[in-house]
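This text opens with one protein chain seen in two forms, each one given by itself as structure tokens under the names structure 1 and structure 2.
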Structure 1
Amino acid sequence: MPPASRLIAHLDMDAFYASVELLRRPELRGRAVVVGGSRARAARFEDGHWPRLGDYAGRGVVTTATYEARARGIHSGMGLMKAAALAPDAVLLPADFDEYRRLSRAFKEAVAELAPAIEDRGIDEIYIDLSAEARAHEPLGHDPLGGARALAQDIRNNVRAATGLSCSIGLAPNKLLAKIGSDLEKPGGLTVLTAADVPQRIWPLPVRRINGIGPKAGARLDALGVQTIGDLAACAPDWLVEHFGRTQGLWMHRSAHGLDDRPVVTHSDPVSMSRETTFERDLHPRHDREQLGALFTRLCEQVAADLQRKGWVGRTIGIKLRFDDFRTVTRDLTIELPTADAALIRRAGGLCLKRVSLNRRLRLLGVRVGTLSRADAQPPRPRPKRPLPVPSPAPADAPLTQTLPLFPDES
């Protein structure tokens, strides 16, 4: 039985964090504003000036920028220092995630009043399955896309009324095209795409506009002479499979032709929870041992608190380290019974840490708990015991630190 045709919307809030900031600081409208650097001191209007991006010194990246700042070449993910070189006079505001989460809940509730089949895709975007709503128009002989367009308008108006914020919506037969569509007429766009529009409107776009083709795949395709989605659509599936493997190659081919049958998933359980922090300055595993140990303990307490607050426990405890050369390593350890206990997580994390040779300064430390189950569920049958992994021997050229106790232990 062929699946009935669907109507999917992708809704994306316009420059979300920056727009939230403008909501409470309307005098900044029209100016280049950058949100980022959560450690930046609270932004205040002082001595006739807002904090200047050009005065910032430190690590941190741009989280969002207003369209005025984007016009200067600033985009999210860019280092704040690089952004400061492009627009030193831009206003820099620290991120206020509590406020963003509050407005995120508000816009999603406003959508749910009109269309409840929502897939959460993070703080500022969602997919909505409008198939049922669209079908309700058909028996009346309405043009289904006309009805859908009107419904999308209603959704946008409801979001605006509830939050004061604007969003862009893509309407299409699947998630892939809806997502591309919501980005085509930003900000404030409402874009309808059908399968018939693919050659005209999708094929001229760069391959990177396909959600799932990132920097690496994009560069590899480019090196193979494939720049646009149309180029990709013209590639033989076998040739793509040869270069990218069966799964990814076939997926690329289908995507380039606008095909995607992923459902809108309205509920999902978390897989892991983590906390990590990049230090203000790189820390030395030996000289800064105490500070590292204290930070490590704090991260474990934060993950534990997150788990407890949300009612989850986990069996796989992992750590993540990033060295000053940006090399990243992870280690994890699966324990018998799931936990949300900070001291237990700390101890397991300490064992993981012993399997890393610490021969460079560190810039980041993280703690993760995975293989989650509900805290109120029957405790799962303990897994058969495995021998504890033997810490891998330090390489011959490892420095002395390897043989010393690493971080202060509570034992």
Structure 2
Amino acid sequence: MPPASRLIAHLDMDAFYASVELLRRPELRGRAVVVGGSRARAARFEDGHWPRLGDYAGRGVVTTATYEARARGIHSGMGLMKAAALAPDAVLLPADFDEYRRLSRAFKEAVAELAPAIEDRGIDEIYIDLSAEARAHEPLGHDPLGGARALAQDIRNNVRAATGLSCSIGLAPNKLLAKIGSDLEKPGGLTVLTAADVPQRIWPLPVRRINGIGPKAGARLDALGVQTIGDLAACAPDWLVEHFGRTQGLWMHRSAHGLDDRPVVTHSDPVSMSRETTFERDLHPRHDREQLGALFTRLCEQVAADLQRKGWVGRTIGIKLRFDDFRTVTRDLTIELPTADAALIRRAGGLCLKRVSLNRRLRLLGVRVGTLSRADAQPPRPRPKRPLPVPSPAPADAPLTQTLPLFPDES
């Protein structure tokens, strides 16, 4: 491979959340394990008496599952009750996102030691631009891609040494093929794809393997008789434009032929940071006020910790509520000075909550901080002389659930 050629890797951690749990509980290896539901149940099985998925009752969803559970039809996003019908004897473990985030940072740091040009795509996957890594372009024996394979293997070894976890890597000339490749030989796979491999290895795959073709587009293609990537590649560009519009149609045609010019973006500023939680049961704004208050405080503290750890502050504080009828309401408030302080976030969020009619039970609560700027770029400014604005009082004849402050103002 000539030095000027692009060489992109996509690294995907194998069943990340489930693997983290098995790392802490190795006696569960080889068993069907499902991660999902409330962390509050964790203390109930520390003695090794694992809860059965078949005993679960609630509306939680599967966060992830081991490959043994996936073989029985369970997948991320599936309702836990539906999963229980497929594998009642599977072990159910609650999600521990603090630990997942810790190990996510650890595996990315391990990769950066060998290849620093990284695009962060989420808690368990990254793109790596190896184009500037000289050793990746050195042939080994008769293999022109031997150096790239060796570097990818070193990255996998470094990740395992740092975290104890396995990952799969796809190596290709672009992000599109690298993403497809990382999924072809899971778990623990290392797949190398070139443009010449597209007809034999990519075209037989379902169209949904192309990142960006979701359920709706996939269903439309299927209705049109297009089921594989090869079928899509055989479609005329004008026909695709006619059915999907110019932008998406031309993108589909290029993608089906393995073409993708997107760069690896090593830095991008977040628009906002947020935390939210869905309750195991619907909570009443008045009867469950104490529990809601504690959850709200915790969400504010988590968002503040995220901001502080990543070096951001924000001026727009928002809340998100979802009621038992699935209606979603958002409110936000812009404060004078950007902040990453949990108490100030909670205070502003509490004012937002007072602008919502709390006349139904709640199933979800979230907190968001937007209008972000770098914390180290803030000029010294005095604290505002005026307190945060206080909403006008509700009419005297308004229902109690509308006038009741969900979380009292703090002095």
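Since we're looking at a predicted model, the values are computed, not measured. Along the sequence of structure 1, residues get numbers from 1 upward. C-alpha atoms forming the largest set that superposes within 1.5 Å between two forms make up the rigid core.
Here the chain appears twice, and structure 1 is the form predicted in complex with the DNA.
Note on conformational change between structure 1 and structure 2: two rigid parts, with the smaller rotated by 28° relative to the larger (from C-alpha fits). Superposing the two forms on their core, we find that the Cα atom of T278 is displaced by 3.9 Å between structure 1 and structure 2. For D332, the CA shift between structure 1 and structure 2 after superposing the rigid core equals 8.5 Å.
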